[in-house]
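To begin, one chain is listed below as structure tokens, in the form predicted on its own.
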Amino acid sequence: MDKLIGHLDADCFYVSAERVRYRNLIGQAVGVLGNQGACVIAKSYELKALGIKTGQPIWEVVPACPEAIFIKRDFRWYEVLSRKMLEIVKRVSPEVEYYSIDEFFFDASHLVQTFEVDLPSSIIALQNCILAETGLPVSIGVSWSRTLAKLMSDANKPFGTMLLLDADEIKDFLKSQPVSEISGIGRRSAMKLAEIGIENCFDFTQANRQRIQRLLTVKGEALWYELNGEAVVPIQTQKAQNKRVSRGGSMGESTNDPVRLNAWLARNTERLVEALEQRRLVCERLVLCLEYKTGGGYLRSVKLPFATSGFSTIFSAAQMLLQSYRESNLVCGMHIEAELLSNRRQRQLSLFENETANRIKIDLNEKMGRFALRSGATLHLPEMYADVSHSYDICDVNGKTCF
């Protein structure tokens, strides 16, 4: 038998995770808040039915849904349940890709042998196993490629399953799915396809492959093969080395105060250094991006004097980039990105690099708690360190292949 690819996706994962420990939330309209509690980053189906959209600010949502319940994100808890799901899927499959905190691709060819029932029943058995052991409802799609499998699981939410192997059945299913539902086809790509008469997924499979490649590059061509049942994107059991590592995000209250901007710079640099250390990487170029409240932004980069993951060198470079910011625009978001990455073991140490202080800081924080020892510049952000919801972010969950 050719390898079968499965895609497993938790339904309303953040909300479902909160319902595991707070059972009174079941059946309620629930929203999970991120971005310093300003926006809804996840919603229950009950809240979605009231017209609330992901990313909508809380000051718009509360008047529209006064009966709804809102909870601050807790990515440490979500990771615990995510790892439990990962363990279960690994018990039934020899190859599992930890795609995101709530999504997994896996080799589904062994499900029948594991559960000793037919394939449709074994998929449901896996679904029920995860529900019983974690309390999380999931949807599962199985087919000949990962793109098909994901399309099927997405189309059968919540708590649904779909198995399609027959060519005619796949054809009928693809006709029912807009091309915008394909993972990897964004709004702009969908508009390009619509201009040449491609509206649904079946249209996409019938288009000339070379034309798709010219229109959507080799990534679009790979999707064309995948939707035609040829698995060209393998299950990745190990995360590939990053081409870049970035840390940052919304700053909550917009500001152009140099002291607070420098404080945010220190916080994001510490998070970036932590990520580089976890991956045993060093960088040679730094990029600073500021997002303005009124739209647009500021982008600068600098080549570092040597490949490093040291806080002092990276923070000094980041401060230099920030010093050239002279505009009065209010800044609402900041990102610091490390580029030109290489393995720490493969580079020669610089005479000017002091790794001892960096290592001491990391070791102490591992023992005493994250940010127990941090830059004094961050003292101007007391609200960020007083609220435990800001001590851990989605990007701190390691091992995912999606980013």
Partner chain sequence: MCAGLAVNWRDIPDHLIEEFSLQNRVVSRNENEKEIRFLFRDPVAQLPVWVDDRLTIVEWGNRGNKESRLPKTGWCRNESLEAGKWNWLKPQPVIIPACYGLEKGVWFQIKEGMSGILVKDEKNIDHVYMLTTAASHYYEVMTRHGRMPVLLGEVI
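Everything quoted here is computed from the prediction, not taken from an experiment. Numbering follows the first chain given and starts at 1.
As for the form predicted together with its partner chain, it is not shown, yet the points below apply to it.
None of Leu165, Val287, Ile71, Met320 but one reaches within 4.5 angstroms of its partner chain in the model of the complex through a heavy atom, and that residue is Ile71. Contact annotation: of the candidates Gln36, Ser342, Thr54, Asn365, the single residue with a non-hydrogen atom within 4.5 angstroms of its partner chain in the model of the complex is Gln36.
Although the partner is absent here, Tyr392 sits far enough away that none of its heavy atoms falls within 4.5 Å of its partner chain in the model of the complex. Although the partner is absent here, Val20 is not a contact residue: none of its heavy atoms lies within 4.5 angstroms of its partner chain in the model of the complex. Under a 4.5 angstroms non-hydrogen atom cutoff, its partner chain in the model of the complex has Glu253 among its neighbouring residues.
By the criterion of a heavy atom within 4.5 Å, Leu373 is excluded from the residues contacting its partner chain in the model of the complex. Remark: of stretches 357 to 365, 54 to 62, 373 to 381, 334 to 342, the one touching its partner chain in the model of the complex is 54 to 62 (heavy atom within 4.5 Å). Residues of 371 to 391 lying near its partner chain in the model of the complex, listed in sequence order, are Ala386, Asp387, the criterion being any heavy atom within 4.5 Å.
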